[in-house]
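We've got the same protein chain twice here, in two forms, each standing alone as structure tokens: structure 1 and structure 2.
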Structure 1
Amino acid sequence: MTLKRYVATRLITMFGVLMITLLITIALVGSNMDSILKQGVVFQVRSEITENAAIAKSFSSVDEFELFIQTQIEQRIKTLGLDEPWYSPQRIGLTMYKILFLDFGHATFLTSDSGSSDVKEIILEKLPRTILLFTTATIIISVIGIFLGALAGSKAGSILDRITSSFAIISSSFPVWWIGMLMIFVFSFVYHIFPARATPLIPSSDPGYIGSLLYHMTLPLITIVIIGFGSWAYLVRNFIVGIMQEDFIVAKKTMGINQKKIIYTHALKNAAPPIVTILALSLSGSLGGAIITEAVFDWPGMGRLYFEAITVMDLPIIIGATYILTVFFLISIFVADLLYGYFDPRVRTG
């Protein structure tokens, strides 16, 4: 299989997955969505007619007036295509087509900070904050992890190696959100160093907003890094330990090339493909895990938006956010796949 064909099959699979995800999401929330839309129409028609006093006057009895409203509502529902059930092919097709091009409609309850109820705007407002927090965290984690892992791996069995490995194992069994609760408890309420709620209190138009946002970001960032870097270091350590046993490294050692040079140029270079792949995956994986972490720290990003949308059943936002999360997840899987295929040609031949 050539690289081109490999890319093509991957792309098609990814697109298929995206469609299936959308379909499942719509299927799960569809019936609720339907009744909400219909209620919206009824409300809209009623307010339009009652606002116009001339229409109300032209009817002699209340019953006649009600009948008129009913027929108006039915007409409106028909023109919007809501008379068909949500699972009819046309409607699912239309919904999916709209969502595919990021037209998520209007949110039922939630609004963006600037007051807009357009789902796309809300998501565009929250997404950068999530990326800011989690991408920064992932980058810090991977830098610390790679160096610590390389160091530990080159001295397998040393005290440093043992400490790194045991820290990795222990830290990975604690849930991030629980550590988050403890961090809030200690750093916000016992010692008043960081704010407990990560949402800045000043409006986003204020020039000091960015600074305030960064200050509020510190506690969640520290928490994510503390929990995350151990397992990265352990992973890198395991790769390095494996590579250090390879013949070419042993040969270099016997030639008298200095240890540091071997680790940082030859060993890390060989461990690069899986590391880069995992980096790509963890960048997007962190977005999915953001839901709970952001809920704990009250960080105003996608995760908290998602959680809020779930609690009030704001379906357009749920669908929109799921779509965006899936797209990010798929892009990173795709990139990881490509990188892997690029670095390791054996994968392509399957």
Structure 2
Amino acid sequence: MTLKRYVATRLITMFGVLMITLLITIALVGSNMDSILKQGVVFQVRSEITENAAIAKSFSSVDEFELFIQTQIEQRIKTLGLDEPWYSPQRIGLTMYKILFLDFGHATFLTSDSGSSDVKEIILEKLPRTILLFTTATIIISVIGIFLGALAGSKAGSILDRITSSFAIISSSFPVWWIGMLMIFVFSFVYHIFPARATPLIPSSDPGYIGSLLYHMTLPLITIVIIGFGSWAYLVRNFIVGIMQEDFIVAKKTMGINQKKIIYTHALKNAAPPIVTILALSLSGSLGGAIITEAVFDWPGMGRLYFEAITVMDLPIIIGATYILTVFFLISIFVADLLYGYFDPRVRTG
């Protein structure tokens, strides 16, 4: 299979997965979403009419005024196509078309920091903060984990190997919320080094907001790295232990090649496919943030947005965030497949 055909096949497959995900999401929330949209139309029409005092004064009775409002509501519902059932092909097709082009509508309850209820604006406001925190943490975790795991795997049974394995088990056993609260207690209340809340108190329009955001994210960043790099090191260590027993590695040792070059050049290159896959999945997962972590540190990212949207059942935000994160996940899988094919040509030709 040629590279172009391989890429085209993967793109078609992932587009199909995206469409199926959208269809399932719409089917799960369709009836509730339909009710919310119609309630939004009612609220919008009533607000527009009642704010115009001249229209209200033109009616002689309350019944006539209510009849006019109801007529306007019905016309607006028909114009938007909401008179059709949510499961009709026309409605589903239109909804999927809008979502594909990032038209998620307006949030029911939540707003952005600037007061906008546009779902796209809300998500685009939260997403960079999540990328900043969790992607930075994932990169640091992977770098430390790869080098430490490779070193531990090359010295299986050594003190370093036992410490790495033990730390991986211990760090993975503690819940992130408990470590987070412990870090807040020690570094915020005992030593007053970092703030307890990761949300800056100054508005995002302030020139010093970025610096304040970086300072506030230091404590959650340290916490995520401490919890995560042990598991990464343990995974890489297991890959390297197996590779170091291969014949070509033994041959390179007998040739007198430097130990570090064998580990970080030859062994790691052969362990690259699974490592790249794990890294891609970790990066895509980090874009969704972590609901518990962001809730504990009060970090204004996608995880907390999800938590707030689920709490108040703000379906437009839930659908919009799910779509965005699905797209990022599929892109990361696509990149991982390409890199996997690069490191192992058998994937392309198989």
Partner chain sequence: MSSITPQEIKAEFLKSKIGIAGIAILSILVFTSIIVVVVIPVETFKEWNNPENWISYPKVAIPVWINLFLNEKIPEHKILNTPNINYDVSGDTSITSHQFGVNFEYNDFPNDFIYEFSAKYSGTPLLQMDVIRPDGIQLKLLSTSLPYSDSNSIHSERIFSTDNSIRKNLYLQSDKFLFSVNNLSTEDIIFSKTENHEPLKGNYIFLIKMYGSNSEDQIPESRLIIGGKAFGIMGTDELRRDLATGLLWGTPLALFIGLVVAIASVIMGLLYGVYAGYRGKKTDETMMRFNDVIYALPALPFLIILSVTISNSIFVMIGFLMIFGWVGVAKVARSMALQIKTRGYVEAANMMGQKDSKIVLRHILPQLLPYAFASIAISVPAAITTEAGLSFLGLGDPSFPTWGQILHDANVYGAAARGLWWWIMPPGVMIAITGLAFVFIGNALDAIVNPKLKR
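Structure 1 provides the reference sequence; residues are numbered from 1 along it. Basically, rigid core = biggest C-alpha set you can superpose within 1.5 Å across the two forms. A quick note: this is a predicted structure, and the numbers were derived from the prediction, not measured.
Structure number of the form predicted together with its partner chain
The form predicted together with its partner chain is shown as structure 1.
Is it true that I184 shifts between structures 1 and 2 by 2 Å or more at the Cα, once the core is aligned?
Passes the 2 Å threshold, so yes.
Core-aligned CA displacement of S173 at least 2 Å between structures 1 and 2:
For S173, whose C-alpha is compared between structures 1 and 2 after core superposition, the shift is 2 Å or more.
Please determine whether the C-alpha atom of S47 is displaced by 2 Å or more between structures 1 and 2 following superposition on the rigid core.
Shift of 2 Å or more: yes.
Could you state, for a rigid core superposition, the Cα shift of D63 between structures 1 and 2 in Å?
Comparing between structures 1 and 2 after core fitting, D63 shifts 3.9 Å at its C-alpha.
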